[in-house]
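Next up, structure tokens for two forms of one chain, structure 1 and then structure 2.
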Structure 1
């Protein structure tokens, strides 16, 4: 347990470092924000991908082995304790945490304590006795809880190491590939639900996933309501703005594409010329000395922030208003028909079930540990034909003692012979 606590502290520190350092960036990115020496240290220690690094995997592996061995080492003694809870000889050899003498009829006391029907037995000297035990499963609470934590760690760690994530975004009518899976997502419809005060209540997308074998599956997804299709989970992640970009050459239509903010277009017959759609402002305002912004989410004064590159060199950047045209030599570029796009996050994790099972097993262990109290009660016949009742609960303590005394009809300490362990 001491080693397990050390591992948990180290793991918590590792998770903190991984959370503080932005993941998945380049050396140049880290050098710009920190320093070249810090950037080199981040990459050398794999802090740029901490949760997939060899040392993070090693910490988890040690913790899993530790938990597994702890459970295996405790298993024989736990089995022996469980058997002893139901063994009449072991029960009768105990002194009991509480006892009551001179009980005329013990059976009603067993019933009031909700004990199983007592079994007949004998003490070592042959005195008749009655024994009963219940809730032996409560002894397994901590063991089951540790097993659940082990499954949680294994499921989560393997899931993080092997999981694949993809992002697909577009507007209704578009079909986008899902990474290297061979699947594609067709966006059938996208709706933004608004409240009475025009604030967003929900984003809902209706999608059809096309499999590599030609099959298709459809579903409706919204925030916090993902769908599982082709073994992957599809989440409604976020939204943004898209626009139709039209390019003409010499007055003749040349190209038309729907671009989401952040995408770019290469001119069809001049690929070195690139139009980048940087951002969209539904209600564009420009204050002196400030960056462009939008006064509201309504399409009152649409503005399109663009930049133009030629042979990878920026040659211009500005905001184009609705109805305006950008002219570059013989080319004319217009932005129009703004509409929201949906961004869908896709996760493929084959170990989600293991982590879910671990969570359920952990909850079961906690229920057993806190709410299932093992108890055993026995009665030994006295020479005058009356009975001495004894009982104990490993986790009941004072609560069990009070229940025992009330069930035996004891008031104000009459005929009580208590023995505290």
Structure 2
């Protein structure tokens, strides 16, 4: 138990360190933010990727081993205790955490304590007795909770190790391959639902996924409503702008491609020449000395930021407005027909269900541990025909004693003050 507490405290510290140090940055970034020595220390201790570092995994492994051993070792005694909890002989052998003597009628006390109807029994020396026990399931709370946490950590870790993620983006009409799965996503439609005030209500894409063997499945996906196709989950993730780029050579059409902002094209008959479509501004404004900006999301004044590379050297960068032409020697380049593209995230994680089950089992365990409190109440007949009532609730503690005394008609506070000091 002490080890468990130490582990939990260490885990809490590890998590907080991981959240206080910005994750996933480079040595240069940390050196600038902190100092060179701190940066070296951060990298040496893997604090830049704390949640996947060997020491974080080690702490969790210890936690899992502890939980597993603890649950295994406790299983036999837990089963025995569960049996004993409702066994009249075991109950009558106890002394009880609280007792009241000289009770004339015990049944109403059982009722007031919301105990099940007591069963008749006898003590070892044959004295008549009444016993009642409830909420034995509560004994299993900690055990079930620990099992849930174990499932959660195992499901999460296996998921991290085996999951596959892909992203595809494109405009309606395009079909893009999904990594190395042999599947392809065809984007049938993409809609941005706007409210009256121009804010985005929903992004919705209709997709058809083509399987490796020619089968296909279609679905509509939107934010918060992913679809499961071919064992993978498809998420409407984000959006951006695409445009049609046309290249002519000596006036003759040479090439036409739809590029999403961030993509580039190689000129067909001169692969050394690359046009990079950097960004799109639907309502372009340029203030002196500032970076280009867009004034709104409306297509009022479309501007295309491009750069041109020849043999990997940048030879130009500028903003081209709708209708303008960029001329490079014999080539003429235009951007037109801006349209939103959709980015679809694709994920395959077979262990999400295990982790979810772990979460649910943990909740069930906590519910049992906290709100299903085992209690035993029994009455033994005195020689004068009245009864001695005893009660025991391992978890109920002082609160159970209070309830017990109140139910037995002992006035509030009488037994409480004297217990102190």
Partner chain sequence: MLQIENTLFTIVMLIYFAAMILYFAFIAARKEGLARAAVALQCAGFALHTAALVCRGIGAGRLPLTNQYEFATSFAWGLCLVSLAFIFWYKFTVLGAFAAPVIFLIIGYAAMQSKAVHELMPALRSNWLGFHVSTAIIAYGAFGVSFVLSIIFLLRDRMKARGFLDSHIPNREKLDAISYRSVSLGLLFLTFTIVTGAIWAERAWGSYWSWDPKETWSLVTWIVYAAYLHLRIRRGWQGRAAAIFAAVGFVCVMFTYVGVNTFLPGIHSYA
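Positions refer to the first chain, counted from 1. Remember, predicted model here, so these are calculated numbers, not experimental data. The term rigid core refers to the maximal set of C-alpha atoms that superpose within 1.5 Å between the two forms.
Peer 1: Between structure 1 and structure 2, which should be identified as the form predicted alone?
Peer 2: It is the first structure that is the form predicted alone.
Peer 1: Look at residue 198 and decide if its Cα position differs by 2 Å or more between the two structures after superposing on the rigid core.
Peer 2: No, its C-alpha moves less than 2 Å.
Peer 1: Rigid core fitted, then: does residue 130 show a CA shift of 2 angstroms or greater between the two structures?
Peer 2: Yes: residue 130 shifts by at least 2 Å between the two structures.
Peer 1: Please state whether residue 89 has a C-alpha shift of 2 Å or more between the two structures, with the rigid core used for the fit.
Peer 2: Moves: no, less than 2 Å.
Peer 1: Upon rigid core superposition, what is the positional shift of the Cα of residue 389 between the two structures, expressed in Å to one decimal?
Peer 2: Comparing between the two structures after core fitting, residue 389 shifts 3.9 Å at its C-alpha.
Peer 1: Just grab the Cα shift of residue 43 between the two structures for me, core aligned, in angstrom.
Peer 2: Displacement of the C-alpha, rigid core superposed: 6.9 Å.
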